[in-house]
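Only one chain is given next, in structure tokens, and it is the form predicted alone.
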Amino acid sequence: MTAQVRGLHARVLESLGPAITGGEYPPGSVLRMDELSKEFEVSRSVMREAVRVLESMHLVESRRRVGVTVLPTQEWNVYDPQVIRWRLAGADRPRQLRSLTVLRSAVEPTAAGLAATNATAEQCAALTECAIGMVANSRGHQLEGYLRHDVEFHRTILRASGNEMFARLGDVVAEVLAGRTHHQVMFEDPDPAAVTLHVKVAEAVRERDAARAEELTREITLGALEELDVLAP
């Protein structure tokens, strides 16, 4: 696939994907390949590639002589990072954020407890480094810098748990954290209490205190839910 074709393919996806997840094409809608090609001013081959990606996300189903049918929400691969990104960009953002944050509150405390048992010395050092980076970027409206360290902190916790299922949720958590920042569902500076909790989690993991790591991480996720009550009710 040439760079030009990749660019066309990406442009179609970045328009059609959010339109589907945002309800512009409700479940059951039938989209015709010829009409889509004309609408987006691309060849049928580019359109077919874009539809294949949407099929891989279970957003649509393509059938000969029928067309491209938008599938019910229950069929969507809601763990796909791109689907999450599109949904967070739409009108249903508050509900999506809450759903994902509840998922975090169910998974991450357990992962942190496991990390206190299973983390390598390198992972313990990485957590400490991330926590220091979060502190350094927690003032002066440095949300993008803070986000980079926050995302890596939580990815490391999930990987350090030693559970491959938890580790695969790293991209999901990254999209939640990025969505909160990019869609202004954050205060101008992070909550100082939350920053301190991350530092304490890194300490608990390093000290192999599983109960404390789990308890502190639960406080982080509950705090994130409380922020949604204020910023995205």
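Small disclaimer: the values here were computed from a predicted structure and weren't measured. The first residue of the shown sequence is 1; numbering continues from there.
One more form of this protein should be noted, the form predicted together with another copy of the chain, which is absent from this view; the next part is about it.
This chain lacks the partner; the member of L147, C130, C124, L100 within 4.5 angstroms of another copy of the chain in the predicted bound form by a non-hydrogen atom is L100. In the predicted bound form, at least one heavy atom of T110 sits within 4.5 Å of another copy of the chain. Taking the partner from elsewhere, A106 is found to have a heavy atom lying within 4.5 Å of another copy of the chain in the predicted bound form. Among residues of the shown chain, R32 is not one whose heavy atoms approach another copy of the chain to within 4.5 Å in the predicted bound form. Taking the partner from elsewhere, H154 is found to have every heavy atom lying beyond 4.5 Å of another copy of the chain in the predicted bound form.
Stretch-level contact analysis of 24-32, 192-200, 43-51, 173-181 against another copy of the chain in the predicted bound form, using heavy atoms and a 4.5 Å limit, identifies 43-51. Residues N163, E164, M165, F166, R168, L169 are the ones in 151-172 with at least one heavy atom within 4.5 Å of another copy of the chain in the predicted bound form, listed in sequence order.
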